[in-house]
Each structure stands twice: as C-alpha cells, then as structure tokens.
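Encoded as structure tokens, the following chain is the form predicted alone, with no partner shown.
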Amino acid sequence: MKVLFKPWLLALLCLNVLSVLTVPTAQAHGEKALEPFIRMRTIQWYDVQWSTQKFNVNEEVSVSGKFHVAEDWPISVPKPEASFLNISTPGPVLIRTERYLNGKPWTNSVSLEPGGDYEFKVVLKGRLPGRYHIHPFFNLKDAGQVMGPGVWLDIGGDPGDFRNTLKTINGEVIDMESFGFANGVFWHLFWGVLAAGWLLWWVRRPLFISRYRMLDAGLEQELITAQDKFIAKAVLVGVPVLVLALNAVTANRYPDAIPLQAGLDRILPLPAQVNAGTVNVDAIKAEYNVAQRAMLLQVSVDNRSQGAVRIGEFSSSNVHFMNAELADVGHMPGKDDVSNNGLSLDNNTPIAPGEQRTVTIEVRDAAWESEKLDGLIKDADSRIGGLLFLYDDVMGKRYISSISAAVIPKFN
C-alpha cells in the first residue's frame, strides 16, 4: 500500500518539532499557582536577604529573614500545625547544611502560631554550576507551598570539585554523594528480578480465554498445580525471612544508626517588641479597580508612639509597593518584586503622636495582574492581606502591622 504525505501535514509536523525545540526553560516554581488569598494571608515574608548571589561550587551561601503568620488565616486553609521550611531549586544544585528558626537549630517540621513573627536562616552549599532561580518556601500540611521572594543565584566552578563528606559516630569519613549507592542499586535489581520472575511464572501459560474455558468446564482445581503452590509457599516464607535476616545483619553492622526524624518541633514566636502595639492600624475597607489595576485601602492609624510616623510600604505576596516620597526607607531600586512608585496616600503628612487618622492608600501597579493577584476578586474568599510598614524618621523606628479586609471589585 502506498502512503501519501500531504504538504500541509508535513508542515504541521515541522511546526510541532520546532515548538518542542524552542520551548523556553521554566524560570519559576509555581509561586503564582496558589490562590491569591492563600499567598496573601498565610505566610507573610519580609526582610529576606541572601548573603551573596555569586559564589562557587563548595562555597556557602545563606538566606535569612523574617515572616509573619497572618492572624486572618483563611478558614479554608488548614492551620499551620505542621510546616516545613525548605528551598525551592531546579534540581539538586545546592545542598542544605544548616537551618535555624529564631536562632535554634531546626531539623523537623514545626507548628506555627497565627499572629507570631519568626526569624529564619538557612545555610546552603553550591553543588552544580549555573544560573538558577531560587526561593525559600513553606510547605504547609494539606495546603501546599507558600513561596518566599525569589532571586537569581550564579554558581561558578567545576562540578567535579564538589565534596560532601562527613564523619560518622565511629570516626569513619564517608562521601555522601556515593555512600551506599552500589548497595542500593544491588537491592533494587534483586527485588526487581524477584518480582519479574514471580510475574513471569504466572503469565508464561495461556491466559484469559483458556483459563475462562477451564473455569467454565469446572476444572478450576487444575489451574494451580502442585509446583505453583510450592513456589508460592517458598516466596511467602522466604521473603520475610530474608528481610528479617538482612535487617539483623544491618543492625549488627551499624549499631549506632539514628533513624529519620519524624517529630514536630515546638518553637515559640519572637517575643513582642517593646514598641509593639504603639502604632495600631485597622483596615476599614478595600476596593479593587479592575480597569486601573489599583487597590484602594482605607485604614485607621492610631499613633500611640512618641514620634510622628509615615506610611512607607505595603507588602503582599512578596510584592513591595513603596511610597515614592519616602524613597530612603525602601528596598533597592530595580528589583523585580518592588514597585517604587506604586503606593500613594490622600494625606502624606506625618501622623503626629497621639493622633488617630483615617488614611486612604492607593496601590496602583501592573503587578496586580502580572503576579495574578487580581484573581482575588474571583476567589470564594475574596479578602486581601499584607503587611503595612510605618516609619518614624526621627527616632529611626519601624512599625509593622498585618492588615486584611474584604475586597469590593470596581469595574469603572
């Protein structure tokens, strides 16, 4: 038979091949995948910084910062009774060597308290050269990953120079990159061959139709032979005996082995600062203008401190909207997650000590759309959350308030 290829079919095939070859490399880790109300009102990151963004294989880099566990935790998200802080990387390009929470070494999952602030630090070691987009993130049980702010890390050097050695309790120095590799491969092959042999023993004979005819003829007793029963009994007894015997050998060879930890750490939040509560902020309402990509927040600020304060920043889902008139208190300019002119006030004069003022904050920026935060108005839980930063320029103090409010959409 002669097969004819039409020109349009060949062109379509070429386009498919080109589309596969020209697909850009993924540069994100799903930080925009979760619903906006989860990203805004669960883990609220701030002051996150990296010790360096350029280093070599075998050199260490650390990420440190703080996060606030929102008081207005979404009702549809399980409470953070088991959470794990990790680093999101595109493969094993780094290894984690140390991790601290509030200055304490931390290896297990942890129970977080809504309303609490925590300080973290993670120390990493370069493993594979390249340029990678890296995030700290919290894995919340039954909720998913809440990403922290991401950065690009440039790792130089030769991958062959990487070393990951440690000394065991008996003084032996082992290479974690290859320790137990041959043993693992052997046992995977052993159990794979045993399983394949067990399956082949049963499928070597005619199946389905032939066996159905024997059952229909009342010859079911002949489907399983005495040899089949003998092999089944041998496997039934032999496998548990082999596993128990090998477990005894391993325990005898490594008597001081420490099992993988499955506990839950209890680490209290940072103690309340002396100036905490001296500037109280209460969100009254929030409106989102879809056409203008602007969030209008009305807040009541009660300044009980001893100095005048000004609103300098609103942070939500790792995006920082800065008050342009307070440029000296903002983040470094040019960063992707910073809108240096995104925040404006109806009254930008300092709020005097003892004064209580209702302030209207306009947060206008394309980031609401590019970061998929405008989808908030389509959520079943349409509430905004974030951190509002107020500054006392004279006394050099910063006040942070976690705010939230139901969002009313505006379409004109």
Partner chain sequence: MSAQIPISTFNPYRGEKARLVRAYDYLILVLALFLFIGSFHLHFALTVGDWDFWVDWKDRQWWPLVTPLIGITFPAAVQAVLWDKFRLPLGATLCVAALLLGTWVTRVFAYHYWNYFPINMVLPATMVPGALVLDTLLMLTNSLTITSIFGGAAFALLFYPTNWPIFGMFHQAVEYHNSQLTVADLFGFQYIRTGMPEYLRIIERGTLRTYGQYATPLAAFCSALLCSLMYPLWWYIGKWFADTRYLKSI
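For clarity, a rigid core is taken as the largest C-alpha set superposing within 1.5 Å between two forms. The model shown is predicted, which means the values in this text are computed figures rather than measured ones. Positions refer to the first chain, counted from 1.
One more form of this protein, predicted in complex with the partner chain, exists but is not displayed; see below.
J.: Work out which of 308, 281, 95, 101 lies within 4.5 Å of the partner chain in the model of the complex, going by heavy atoms.
T.: Exactly one listed residue reaches within 4.5 Å, namely 95.
J.: Between 290, 223, 324, 270, only one gets a heavy atom within 4.5 angstroms of the partner chain in the model of the complex; which residue is that?
T.: Partner contact (heavy atom, 4.5 Å) among the options: 223.
J.: Tell me, please, which stretch of 297-305, 313-321, 281-289, 81-89 lies within 4.5 angstroms of the partner chain in the model of the complex when heavy atoms are compared?
T.: Correct option: 81-89.
J.: Are any of the heavy atoms in residue 155 no more than 4.5 Å from a heavy atom of the partner chain in the model of the complex?
T.: Residue 155: no contact with the partner chain in the model of the complex.
J.: If you check in the model of the complex, is residue 206 within 4.5 Å of the partner chain, heavy atoms only?
T.: Flag for residue 206 set to yes.
J.: So in the model of the complex, does any heavy atom of residue 137 sit within 4.5 Å of the partner chain?
T.: Residue-level check for residue 137: yes, a contact with the partner chain.
J.: Decide whether residue 177 counts as a contact residue for the partner chain in the model of the complex under a heavy atom distance cut-off of 4.5 Å.
T.: Answer yes; at least one heavy atom of residue 177 falls within 4.5 Å of the partner chain in the model of the complex.
J.: Select from 227-253 the residues with a non-hydrogen atom within 4.5 Å of the partner chain in the model of the complex and write them out in sequence order.
T.: 228, 229, 232, 233, 235, 236, 239, 240, 243, 244, 246, 247, 250, 251 sit within 4.5 Å of the partner.
J.: Aligning on the core only, does the CA of residue 176 end up 2 angstroms or more away between the shown form and the other one?
T.: Comparing the forms between the shown form and the other one, which are aligned on their rigid core, residue 176 does not shift its C-alpha by 2 Å or more.
J.: After the core is overlaid between the shown form and the other one, has the C-alpha of residue 87 moved by 2 angstroms or more?
T.: The answer is no; the displacement is under 2 Å.
J.: At a 2 Å cut-off on C-alpha positions, does residue 230 qualify as shifted between the shown form and the other one after fitting the rigid core?
T.: Yes; residue 230 is a residue whose C-alpha shifts (by 2 Å or more) between the shown form and the other one when the cores are overlaid.
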